[in-house]
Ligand SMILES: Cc1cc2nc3c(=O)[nH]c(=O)nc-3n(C[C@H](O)[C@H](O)[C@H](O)COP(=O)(O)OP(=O)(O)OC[C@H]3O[C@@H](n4cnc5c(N)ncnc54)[C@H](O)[C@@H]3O)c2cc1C
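We begin with a single chain expressed as structure tokens, specifically the form predicted alone.
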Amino acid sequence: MHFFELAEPASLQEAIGLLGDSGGRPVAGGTAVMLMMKTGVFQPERLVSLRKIESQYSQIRLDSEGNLRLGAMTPLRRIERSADVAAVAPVVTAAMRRLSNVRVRNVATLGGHLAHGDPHLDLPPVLIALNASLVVASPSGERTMPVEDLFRGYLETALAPDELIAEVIVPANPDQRAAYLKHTTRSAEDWPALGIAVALTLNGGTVETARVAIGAATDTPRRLTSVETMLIGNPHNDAVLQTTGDATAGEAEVHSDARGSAAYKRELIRVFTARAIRQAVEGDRA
């Protein structure tokens, strides 16, 4: 590991000023950055630690409309144990229990988890399915963007060099049912070969709204909009679920890696799409 400068700003705006053209790179929990530096993949001249910025960016709260607002510096373990998260988005709580291991979750932050841009991560497809958005801070102020628009490629996001994720907003939707399934080829908390998230609202026996997102098998987390269209307005019976699973496997552009071939992952997508939809339909509100 080569020498680097460590800056410890006391505010988010001060941190942003140390990024961009000055060559600074942010570090929150450091669980990914430090590994990349140790292996020589990433060699920044300056690390900008976010540990000392305002405490508001480490808070979990509900706004006046009941939406869940998660500060980007909130450790994943605190999100996992939050009563507010369990009330608004229990699928997030459930997903956390198999996200890496508790040692990592104690240190890793929500903003760093998303900004890393690794398609194998668990929360991006979950947040995309929940229609979550990001508050992104820059020298010119703040902007809001859907989580689904964050990811551009492998380890590549839409964030400019002088932008930081400040907050994640999960909209309240008390009628929504959601599920997240992951399949690993090694230990339960390892990187998945596939992660798939589904969020539905039902009108009797018919699907009224649907959002389906996958990760790990593809180069970026992404929605499967044609599958959503197939679900909406149709009953959630076995025949529809099988057809939807087949369509999902055909729509997704999967790739081979150490966790499975493209053909293997397509079969996982076909099977797990139906399972995730069925779990969302049959489970409690999520």
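Start at 1 with the first residue shown and count on from there. It should be emphasised that the depicted structure is a prediction, and the values quoted were computed from it without experimental measurement.
Below, we refer to the form predicted in complex with the ligand, which is not included among the displayed structures.
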* Structure fact -> None of 179, 213, 210, 165 but one has a heavy atom within 4.5 Å of the ligand in the predicted bound form; the exception is 165
* Structure fact -> Contact with the ligand in the predicted bound form, heavy atom within 4.5 Å, among 241, 68, 252, 32 goes to 32
* Counting only non-hydrogen atoms, which stretch in 171-179, 83-91, 107-115, 201-209 is within 4.5 Å of the ligand in the predicted bound form? -> 107-115
* Might residue 134 be said to contact the ligand in the predicted bound form, defining contact as any heavy atom within 4.5 Å? -> no
* Does the ligand get within 4.5 angstroms of any non-hydrogen atom of residue 26 in the predicted bound form? -> yes
* Asked: At the 4.5 Å heavy atom threshold, is residue 149 in contact with the ligand in the predicted bound form?
  -> no
* 4.5 Å heavy atom contact, residue 190 and the ligand in the predicted bound form -> yes
* For the stretch 65-103, which residues lie within 4.5 Å of the ligand in the predicted bound form by non-hydrogen atom distance? -> 72, 76, 98, 99, 100
